[in-house]
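Consider the single chain below, provided in structure tokens and representing the form predicted alone.
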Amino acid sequence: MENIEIEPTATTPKISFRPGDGYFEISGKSLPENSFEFYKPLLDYIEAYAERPETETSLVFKLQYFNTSSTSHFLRMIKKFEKIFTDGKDAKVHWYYDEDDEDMKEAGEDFKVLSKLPIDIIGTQVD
């Protein structure tokens, strides 16, 4: 599988999917006008990856903001990685948030409750 690198826009996040490294990152702001159109190809890509995953896989979120329609796509991604985990591979989510952003921390905690996948919630300082 080839890497996917998508530069961020004012309404879409940066996407860095490197399947050979087992590394999938979404960062920035996610407010796509049509979230289905933006995330569907990425979900299909993750599904194909899940057929033959690396030994270790990380899904990394470094979001500043996301809208409600993005939430369901993130949960679908987490569920696809959860399948990798329940199939016996090492898969986890790293949810980064600005220490001053309680809403983003709570969003990570909500995803953690909805999944069997290990989710590390990591506060960072943004200058």
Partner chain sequence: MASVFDQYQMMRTHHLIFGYRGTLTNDLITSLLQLSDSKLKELKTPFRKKKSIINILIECLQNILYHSESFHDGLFSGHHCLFLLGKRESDYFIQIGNFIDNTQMTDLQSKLDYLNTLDSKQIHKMYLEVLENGIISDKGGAGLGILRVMKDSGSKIQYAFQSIDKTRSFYCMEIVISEQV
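Positions refer to the first chain, counted from 1. The structure displayed is predicted, hence computed values, not measured ones.
Below, we turn to the form predicted together with the partner chain, even though it does not appear here.
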- Item | Partner-proximal stretch of 72-80, 85-93, 37-45, 51-59 relative to the partner chain in the predicted complex, 4.5 angstroms, heavy atom | 72-80
- Item | Heavy atom distance at most 4.5 Å to the partner chain in the predicted complex, all of E33, D98 and M104 | yes
- Determine whether any heavy atom of D110 comes within 4.5 Å of a heavy atom of the partner chain in the predicted complex, and answer yes or no. yes
- Message: Is S27 near the partner chain? Define near as a heavy atom within 4.5 Å, in the predicted complex.
- Response: no
- Query: Using a 4.5 Å cut-off on heavy atoms, which residues of 58-78 contact the partner chain in the predicted complex?
  - Reply: Q64, Y65, F66, N67, T68, T71, S72, L75
